[in-house]
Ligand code: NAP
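Next up: just one chain, as structure tokens, the form predicted alone.
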């Protein structure tokens, strides 16, 4: 039996096992998807996990915080997108070689397309981590006017220069009149659920606001967006779509999307 899983810390609240195991069961595959918690306090633990993946019969794994950038040091090869954005959220063990991919971009695109058209839109991305980088780069394919904000301005400017987009100061967000706003930071994540980078007075009523956080699903940012009259997209939509693409990479076949979606919402219902 091949083992797959999610690498990160902490991962106990991850929704990925529910989706992947439902798909594995539905298709009758000889595999399992597990939580693979790796403590960042031990700098050698991530390296050892990667080097011993063959011994442990690891077929592949998802990567979440805080390892989307660090994991790249242990890859044998990269998918072009992962190499360009400098972030890996999916690893496939192909003939004892670890191949790094990034499905954050397609996950975000598919989630946004459920609510809006992306072509030519003015987009604000908040964050400077792996997901923010992947989303920022992918939006160029839609001739979007992309701006990036980070509380450490130097990090935003670094990404802006690399991807030929614009960095923006927080004080200028209110007057920028964005069509799409995406939070790709941990701000608002449990247990700090009352935090938000933006309040309703800085969110246009015509905007679509997406938060990639999944705990809680309705973040303070999304509450502020609703107060402003904007449309909202909660984090489980991106999570679903990136997991669907991960499954394709793991098993070389199309994922049973409906099965994964139903498992995701059943798990969310169970946790309420």
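Quantities reported herein were computed from a predicted structural model and do not represent experimental measurements. Positions refer to the first chain, counted from 1.
Omitted from view is the form predicted together with the named molecule, to which the following refers.
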property	result
The named molecule contact at residue 132 in the predicted bound form, heavy atom, 4.5 Å	yes
In the predicted bound form, residue 152 touching the named molecule (heavy atom, 4.5 Å)	yes
Distance check, residue 146 to the named molecule in the predicted bound form, heavy atom within 4.5 Å	no
4.5 angstroms heavy atom contact with the named molecule in the predicted bound form for residue 186	yes
Residue stretch of 45 to 53, 225 to 233, 24 to 32, 209 to 217 approaching the named molecule in the predicted bound form, non-hydrogen atom distance within 4.5 Å	209 to 217
Proximity to the named molecule in the predicted bound form, single hit among 91, 128, 82, 182 (heavy atom within 4.5 Å)	128
4.5 Å heavy atom contact with the named molecule in the predicted bound form for all of 65, 68 and 239	yes
